[in-house]
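What follows is one chain in C-alpha cells, specifically the form predicted on its own.
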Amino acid sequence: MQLQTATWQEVESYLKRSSAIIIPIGSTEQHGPNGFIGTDALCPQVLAQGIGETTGALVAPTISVGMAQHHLGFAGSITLRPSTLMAVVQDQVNSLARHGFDRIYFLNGHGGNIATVTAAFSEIYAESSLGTAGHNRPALRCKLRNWWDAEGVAEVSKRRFGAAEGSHATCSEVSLTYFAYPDFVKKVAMTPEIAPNGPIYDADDYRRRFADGRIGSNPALASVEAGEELYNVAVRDLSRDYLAFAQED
C-alpha cells in the first residue's frame, strides 16, 4: 500500500496490524552518459513498491534528493546539505512516530546518504535518551538498508558484470531503472569502456577526475533483462529483511 494513495482511515487500519513502514531514499544526480538523473531514487522506489506488494508493507513517499554535493559539476544534479538531510529524516520519522509507527525501514539507493542518515538516527535516539522526545512518541527503531547489499543482488551483479560493475553509474543500478522504465533506455558508447577509479571530494575535483560521471563502471552493459533479474532477487531478499526488522522485539 502506498501512503500517498491511501486515506487516513486506511492508515489507521494498517497501524492496527503493523507499526512498520518503508521509506525509500535516494538522490537526484548524474549517472554517467546513459543513466537517469533520478536513478538513486528510482531504484529504491520501485523495489519498495515490490516489497510492499510482497509483504503488505506501507510505503511512504520517496525522499528523492539526498547528499550529492560532489555531483554538482554535472547539469541537473541537486543536493541537500548534510544538516538539511538530517533534519528532513528526523522530521519525517517524528511525524510518523506521532501516529504510532515505531519501525522505520529506510531503503537506500545512494551511498552518499549513508553517513548523514545514520547520524540522523543517532539524533533521533538521543531525543529518547535525553528525555527530550515528545511524551506521545513510541520507542523508535530505524534501519538503513542499501538495496545493492542484498545477497542475491551481489551475486547477479558479479555474474553479469564482474569488474565492469563499478561504484557509480553501475551496471546494476542502470539495469534496474531500465527494467522499470524500458521506454527510456539509452544506448551510448563508453570511452574508455571502464571508467577510472579514485577518491571523491568536492564537485570540481569530481568533474576533473571523472569526466563523464562514471566511477569504475561500464554501464553500456546494462539491460532490461538484467534489471528484471536484479529486481526479482532484490525484492525477495529485501522482503525477508524488512519482515525480520518489522517483527523485532
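Note that residue numbering follows the sequence shown and begins at 1. This one's a predicted model, so the numbers in the text were calculated from it and none came from an experiment.
What follows is about the form predicted together with a further copy of the same chain, which we do not show.
A.B. asks: Hey, in the predicted complex, is I215 touching a further copy of the same chain, heavy atoms inside 4.5 Å?
C.D. replies: I215: no contact with a further copy of the same chain in the predicted complex.
A.B. asks: If we define contact as a non-hydrogen atom of the residue within 4.5 angstroms of the partner, is E193 a contact of a further copy of the same chain in the predicted complex?
C.D. replies: No - in the predicted complex, heavy atoms of E193 and a further copy of the same chain never come within 4.5 Å of each other.
A.B. asks: How about D205: is it within 4.5 Å of a further copy of the same chain in the predicted complex, going by heavy atoms?
C.D. replies: Result yes; D205 sits at the interface with a further copy of the same chain in the predicted complex.
A.B. asks: Is there a non-hydrogen atom of N146 within 4.5 angstroms of a non-hydrogen atom of a further copy of the same chain in the predicted complex?
C.D. replies: Because no heavy atom of N146 falls inside 4.5 Å of a further copy of the same chain in the predicted complex, the answer is no.
A.B. asks: Are all three of A57, E155 and N197 close to a further copy of the same chain in the predicted complex, meaning a heavy atom of each within 4.5 Å?
C.D. replies: Spot residues vs a further copy of the same chain: no contact at all.
A.B. asks: Would you give me the residues of 71-92 that have any heavy atom within 4.5 Å of a further copy of the same chain in the predicted complex, in order from first to last?
C.D. replies: The stretch 71-92, when checked against a further copy of the same chain in the predicted complex, contributes L72, G73, F74, A75, G76, S77, I78, T79, L80, R81, P82, S83, T84, M86, A87, V88, Q90, D91, Q92 at the 4.5 Å heavy-atom cut-off.
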